[in-house]
Every structure is written in C-alpha cells, then in structure tokens.
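Take a look at this one chain, the form predicted alone, written out in structure tokens.
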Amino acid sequence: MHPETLCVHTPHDPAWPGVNQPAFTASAFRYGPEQEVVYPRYSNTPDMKALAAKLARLEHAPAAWLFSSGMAAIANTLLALVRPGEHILFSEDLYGGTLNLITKDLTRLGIQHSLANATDLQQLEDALRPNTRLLYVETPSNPLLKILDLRRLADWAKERGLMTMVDNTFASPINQNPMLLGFDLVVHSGTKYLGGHSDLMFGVVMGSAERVDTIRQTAINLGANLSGLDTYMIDRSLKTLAVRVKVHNQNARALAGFLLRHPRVKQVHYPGFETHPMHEVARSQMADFGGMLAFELKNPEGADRFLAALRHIAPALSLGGVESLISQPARTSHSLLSQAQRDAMGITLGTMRFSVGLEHPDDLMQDLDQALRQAG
C-alpha cells in the first residue's frame, strides 16, 4: 500500500467494530494457561502491537518497538546491541542529546566511540577499529541539514561486517526510507513529525525481527514504555502524517527561498537548494526535502531581539508540529556541548533551526521579515 493508505489504516482485532483502534488504558490484563501474559511494560497490549506494526510498515521494516521518547529509543537500542569493550562509529553531526549520551553514559559503561565525517569514507576507514560493532548516522542532520549518502554507507558497512543505524526523524518515513537503502535499523523521535501536534512524546526503532527482539528484552528491563492513552493519540496523529508532511515540504521550500534572498540572512541550510553540496544525494534518496531548515543571522548579536519580535513563529524546543517553531541550537538542542564542539559543527549564536509549520507561507514570511529587521 501507499504511505497515505498505511497512515490511515491500523491493523486491529476484527472483533472490534469501530473503524479506529481503541485505547487500552488498563495496567492489568487477565490471562489463562494458554494465553499470552499481557503487561504494558512489555509493550504487548493489543493497541501497542498494532501501532508498532503500523510504524514498521511505514518504514518497510519487519518489526518495530515503541519507547517513551526518542532518546529512550536510541539509548535502549545501543545498550541492547553493543557490549562494554565494543566500539561504535558515529557521524560527527548529531543531535546534541545523542552526543551527550555518547560522551556521558556510553563511555561510563565501557562502550567506546569515535566521531567521523561520514561524507568521507576514508575518514570512516581511519576511525574503524577491530572491535567496531555499529555505524550510527543522522540524515538530514540536526541542526544544519547535512546529508549523508545512505546507500554508500550501507554498502561500506556491510563489507566490514558492521550493523547500521540511522536517525530518520527530520525526514519522516514519508520523505525517506533508509531500510530500502540498505540500513539495518531506523530510529525516530516520534515526538516530532510522527506525533506532529506538539502534544506527545515517544520514540520508535525499526529493524529485523531478530534485532528488535534483542532490543525488546533490554527495553522491558529498563521500562521506557508508553501508556495506553499515548498509544491511542499517536495512532490518531499518524492518520494525517502523509498529508501534513506534504504541506511541511511545500512551506519549507517557499520559506527557504525567501530567507535566501533576505538582506539580514547570511546563509540558509536547506538540501532542496541545487547549491547544497549534497543536493543530488538528497534528491536520489528522499521523496522530498522535508520541513526543516536552518539559517544564519548576519548579525548574531541581534538573535535575542529577533526571537522576541516573532509573532506567529514560536521560539520552542521541538520540531515537526503543525505550528512553526524556531530555536537557537547553541542555547537549546546543543547547549550541553562545549563551545569547541559547537564551533566544529558550525553552530553559532546566530544559527536558527526552523521547523516550518502548516500556516500560510505568506504569513510566515511577513513574521520573519519584521523580526529580522528588528534584529538589526
């Protein structure tokens, strides 16, 4: 089925006459000698199993497992699949929370890591170790929308016997399906586009049934499960995912062009531009370029004035919602990194990450224009 159809229809018990998946709010379920023991921490209630199957289908994966946040999905997956003494190779452009997990907790638990420029296979080769177990990447990256060639990376990793994992949050399953490009595991912060209304928090990982079962065993022990009400609301949100993402794509394209021409903007990071260094790669592996972009103020000292002057676009620490949200990564998503780390990634006080919402683009342009002028 096409993704539009998959988004609308959730597989559920045919004995239930409703057209939608009901909410299972119970924390205790009866069982018998020949029945499965159902318990919400096991994420095996009927609604959770149906939602996981739906998300797996959207990413063309055999199986999926749900978590209470995107970071829970990332952390549980890495802890389940990589042992102390083994090594993970990460792309250098990652979400700040992922980088903080790597440096603070994985290191403490004896899991080794290296960061490398994943656009350069020689740099990956140089960072490879005999105990390397996994290659982890993010594309488009947070916050500067850097693009990695997933087919090329998957082939390189398979030749060296490495598992591959990608954070596909910025693209969503509507714009990009990494498993079709050869990746083993796909993770999402479902809080963003999958939830889409800035009122839910969850994560999901997709992959083979064998790997997801390994992750499941760790996830049950660590207890990062969803509630029945969250599960119901996620399924409800997914019904409009394909429709929402198409408008996000259109609006981001219009806003990126507007900002590129604005005299108060120094640079725009958007893979849909033909001038983007990885535009051809993005075009070959993405159905569209997504609803995210980043831009640099010509006057970084005016960043606070710019954010305070916005009327319709909300300065907020998230993305992927129906409303437009903007953030200053140096003070939000990447604030836990050192100044040297942010400098290496190209993140300054004038860097703005823009999640373009579903408002009319003319209203968003007008809002940005008046705020940019007040920034000086």
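Heads up: residue numbers just count along the shown sequence, starting at 1. No experiment lies behind these values; they were computed from the predicted model shown.
Same protein, other form: the form predicted in complex with a small molecule, not shown, and the subject of what follows.
Colleague: Hey, in the model of the complex, does F306 get a heavy atom within 4.5 angstroms of the small molecule?
Modeller: Result no; F306 lies far from the small molecule in the model of the complex.
Colleague: M201 near the small molecule in the model of the complex, any heavy atom under 4.5 Å?
Modeller: M201: contacts the small molecule in the model of the complex.
Colleague: Taking the shortest heavy atom distance, is G320 within 4.5 Å of the small molecule in the model of the complex?
Modeller: So G320 does not count as contacting the small molecule.
Colleague: Does S69 reach the small molecule in the model of the complex, with heavy atoms at most 4.5 Å apart?
Modeller: Judged by the heavy-atom cut-off of 4.5 Å, S69 is in contact with the small molecule in the model of the complex.
Colleague: Does each of T10, T25 and D47 have at least one heavy atom within 4.5 Å of the small molecule in the model of the complex?
Modeller: Per the other structure, none of T10, T25 and D47 touch the small molecule.
Colleague: Please name which of the stretches 280-288, 162-170, 81-89, 237-245 has residues with heavy atoms lying within 4.5 Å of the small molecule in the model of the complex.
Modeller: That would be 162-170.
Colleague: Have a look at K146, R253, K192, R264 for me and say which one sits with a heavy atom within 4.5 Å of the small molecule in the model of the complex.
Modeller: The option sitting close enough to the partner is K192.
Colleague: Quick one: from E296, E138, D184, D230, grab the residue that has a heavy atom within 4.5 Å of the small molecule in the model of the complex.
Modeller: Spelling it out, the residue with a heavy atom inside the cut-off is E138.
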